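Next up is one chain by itself, shown in structure tokens, the form predicted alone.
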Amino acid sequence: MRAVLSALSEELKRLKSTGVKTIAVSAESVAALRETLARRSDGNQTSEVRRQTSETRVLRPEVGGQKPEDGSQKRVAGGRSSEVGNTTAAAEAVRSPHSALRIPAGEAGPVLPPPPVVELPAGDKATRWAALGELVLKHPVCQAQVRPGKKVVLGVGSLDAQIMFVGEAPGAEEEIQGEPFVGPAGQLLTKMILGMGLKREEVYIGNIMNWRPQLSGQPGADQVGNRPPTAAEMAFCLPFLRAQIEIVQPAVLVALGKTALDGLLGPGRFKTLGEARGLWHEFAGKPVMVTYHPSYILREPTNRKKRLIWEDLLKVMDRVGLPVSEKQRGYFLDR
């Protein structure tokens, strides 16, 4: 339970630092959290959790575009605790800000339960990663979101990688092979990694999402096109990404695209990717470099666009101590 409290405290601190003042939580979760907070006493860690929680207004999510009913706005307050008995309520409380985002018109997305609490077993990295894979790939919620014959996707690469790339969600090729970034954008990412002087298997590559967000109206047929994941979908998968980071312990995270930016740094913090791109941020105690998704280049493969991403990757190389030649520093500069 101590790990849950630590995650709760960390997430509330992060949200507060980004200017978030409200989070959406069901009335049942508020009641459960309030009850468990009052159950036991003392502990510096839980005092911090209580303080962070009490300063964050907790709202019931809007349904059908309507505001919460009267009396549904609550503050979690009072009581002392050294552990949280209802881990589901705690997990929903820290991750529910994503569910407060508006879902794209015409694509309501699936109704999902609260995000899972992931507790990794003791052991070496390989043992822990295997346990996580067993959990994610066979998780009933994840399985329910993929079409027949398609696969749930977990990250791949070196468990000792210094650099972890985080993308958006699996696409058509990825849900077939069960591996992230294997389509055209993935092939371009592999070239970028080679340009950094590394091999694909020397880094770790994951996604905010573990399944390809389904489009409605295509029952029994292969999906044509993609949609961005809903806030609820990102929130549900975030604990799986946190677990991968905990196992790999990369020196740097690289967020590829706006969805990865929102998933790691908080939805609504940046209106555009350009506001955050090229700057160092932080998630789960790790420095984060934000850059464009490789598909940004595929749409218009100009040297100017390539250079924008490459400048961000040069900063990553410098941060982790990779050698950078003069030739590498001059890639994609117009002559």
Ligand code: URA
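Throughout, we count residues from 1 along the sequence that is shown. As the structure is a prediction and not an experimental result, all values here were calculated from the model.
Absent from the display: the form predicted in complex with this ligand. The rest refers to it.
With the partner left out here, this ligand still marks one of 137-145, 176-184, 191-199, 238-246 in the model of the complex; by a 4.5 Å heavy atom cut-off that stretch is 176-184. Proximity to this ligand in the model of the complex, taken as a non-hydrogen atom within 4.5 angstroms, holds for one residue of 307, 286, 269, 293, which is 293.
A heavy atom within 4.5 Å of this ligand in the model of the complex is found for exactly one of 261, 254, 203, 169: 169.
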